[in-house]
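Just the one chain here, the form predicted on its own, laid out as structure tokens.
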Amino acid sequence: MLTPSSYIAGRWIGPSAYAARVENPVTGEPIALAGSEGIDFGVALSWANGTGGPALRATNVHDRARMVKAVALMLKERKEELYALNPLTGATRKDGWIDIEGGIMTALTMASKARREMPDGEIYLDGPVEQLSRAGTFLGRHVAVPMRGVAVQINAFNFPVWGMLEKLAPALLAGMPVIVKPATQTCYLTEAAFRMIVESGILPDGAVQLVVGRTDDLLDRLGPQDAVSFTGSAATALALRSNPRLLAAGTRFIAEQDSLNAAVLGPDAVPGTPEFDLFLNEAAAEMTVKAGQKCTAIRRMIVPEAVVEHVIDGLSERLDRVRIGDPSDPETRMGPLVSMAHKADVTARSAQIASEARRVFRHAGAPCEGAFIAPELYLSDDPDAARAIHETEAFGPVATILPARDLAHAAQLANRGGGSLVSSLFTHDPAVARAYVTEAGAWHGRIYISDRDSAGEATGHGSPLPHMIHGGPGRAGGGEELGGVRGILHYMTRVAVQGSPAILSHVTQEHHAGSAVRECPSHPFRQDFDTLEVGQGIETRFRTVTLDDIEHFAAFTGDMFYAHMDADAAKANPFFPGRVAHGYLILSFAAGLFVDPAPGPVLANTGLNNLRFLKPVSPGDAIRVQLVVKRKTRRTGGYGEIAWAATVTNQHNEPVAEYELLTMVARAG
């Protein structure tokens, strides 16, 4: 008998005498006792706010990313311990791969994106500088800082590991302590992964806590700096969201709810095309992976009227090949639902769908005992008049085919779901893809478009990826989890900071134009990463650009654009006073002015950002460069990235070009 425990304020609290009994979905035998009584949630919040929050915020984003990466790699090393428990949830090993290794991959990706896309500091810079005054002495910038509360994360039963990690990683990266609340039915698998995290000692005390069982008055204690992130049914989300305390305090609430996701077969995807086969394969997989217990599974299949029978035949043939049985058997492709109670719920909802659609396929091989259920496929003869098929989700291997007159009608039917996490479209016609996104985009959090070109590498209709948002409007809850840095910002507060260039430079740890430039004690390319400071820079000597320079550059590169070579044609152009220097000639001369040629700490030039040519350079003009350390970002491998603000001016001190130069610079020692 498994005895998953809560972890509160550094102490494990085991199941109480009133703990719920969790049953094996295959045999019906008890496998776990789940539920800790007497938890003092005031103590839990105090430990998170007084210990965990300050410890996390004492580190910066990149430090926290290293912690999250270390946690994920540790779990990867111990993944077989999690796979050993996985069949008890009703999941096959393939199902478990999505949950266990998919969760680990999600945490690794989020950590990597935080280090690549967020500053090596405590403050996230959200968008460009806004000049708020004519002379540029008063600026504004949006930044984001960690919320000063606790993230309460309430997860669903179907992904006990992935569901925890996909929420946990963004919150920790933001600098916010977390209280994890797993679903009771599969809490033992969540607890196993959570216990590994605690035992590793990677995270500071108070950063994470676990509640197995009831949350009692936890939500009643939350305030405006806290956040609740929920995954589950729309009914439960509404009950939680309606908590008077959460409403009064304005507590941030993020919901990812059940939805009636739709897959649309494009008008060009007729039988015999790769897209038709892709549709059938995806539809069969989405009905049977995790026994259809996925919030992203396909519930409605919208196909052109002319190919309905072909779809029924092809899909029935694929579903009929699925072997249903004990998930611990390597030959099994679909296991049971998570519990007998859930089986009863899916059966009842299937009956609602059957009230306005006819069943056209039912798998004959599902065991009668346990929580097994046969995949069922329905056909709606009048999807416009139907209501249940657009409102009722049977959270299992159940789907309905809806005939559509044309693409516009298909989009209308997809939108009848009232908001979904994902809609897919199978087409090889770019015009069809654009039309569908235009018509359906407002109702779906993600639109997955599959064709022969992307099929080899595409991850599938039902696979949320950490790079893209996971959520959707309306019925789907309105949340947008993941999405790279967007997911991290759910646990941060955006604030507009206004002040002088010098003030903003110090606050953001990024040099802003108008802030004083401190002269480097020696050439900046002779200094290592750790010695250089934001705001240090040099101003070079002048170099005169001659007509011979322009003609040589044109001959050498082959760039004979008329503005550089034909005086009359150049004068006729409203942008040029006559023949002018090439933009890339200006960049090349600029590099020659500021580069130190000898070997040193600068290892490589890795690119330019935001290049703008501001004023033409004519023969006889002189240019020079101001090069300033704009920001610093530590990287692995004994070096860091320096972003330099480069401004090229002419003899009248007028800017002619500006850009951000990126270099990799060796660290001290």
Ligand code: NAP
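Throughout, we count residues from 1 along the sequence that is shown. Remember, it's a predicted structure, so these values are computed and weren't measured experimentally.
Beyond what is shown, the protein has a form predicted together with this ligand; the following relates to that form.
Note on the partner interface in the predicted complex: the residue among 515, 233, 540, 463 having a heavy atom within 4.5 angstroms of this ligand is 233. Note on the partner interface in the predicted complex: the residue among 188, 395, 491, 276 having a heavy atom within 4.5 angstroms of this ligand is 395. Contact with this ligand in the predicted complex, judged as any non-hydrogen atom within 4.5 angstroms, is confined among 266-274, 149-157, 195-203, 244-252 to 149-157.
Proximity of residue 505 to this ligand in the predicted complex falls outside the 4.5 Å heavy atom cutoff.
The closest heavy atom approach of residue 213 to this ligand in the predicted complex falls within 4.5 Å.
Although the partner is absent here, residue 256 sits close enough that one of its heavy atoms falls within 4.5 Å of this ligand in the predicted complex. Proximity of residue 184 to this ligand in the predicted complex falls within the 4.5 Å heavy atom cutoff. Taking the partner from elsewhere, no residue among 78, 172 and 207 has a non-hydrogen atom within 4.5 angstroms of this ligand in the predicted complex.
For the partner-free chain shown, nothing in 422-455 comes within 4.5 angstroms of this ligand in the predicted complex, judged by any non-hydrogen atom.
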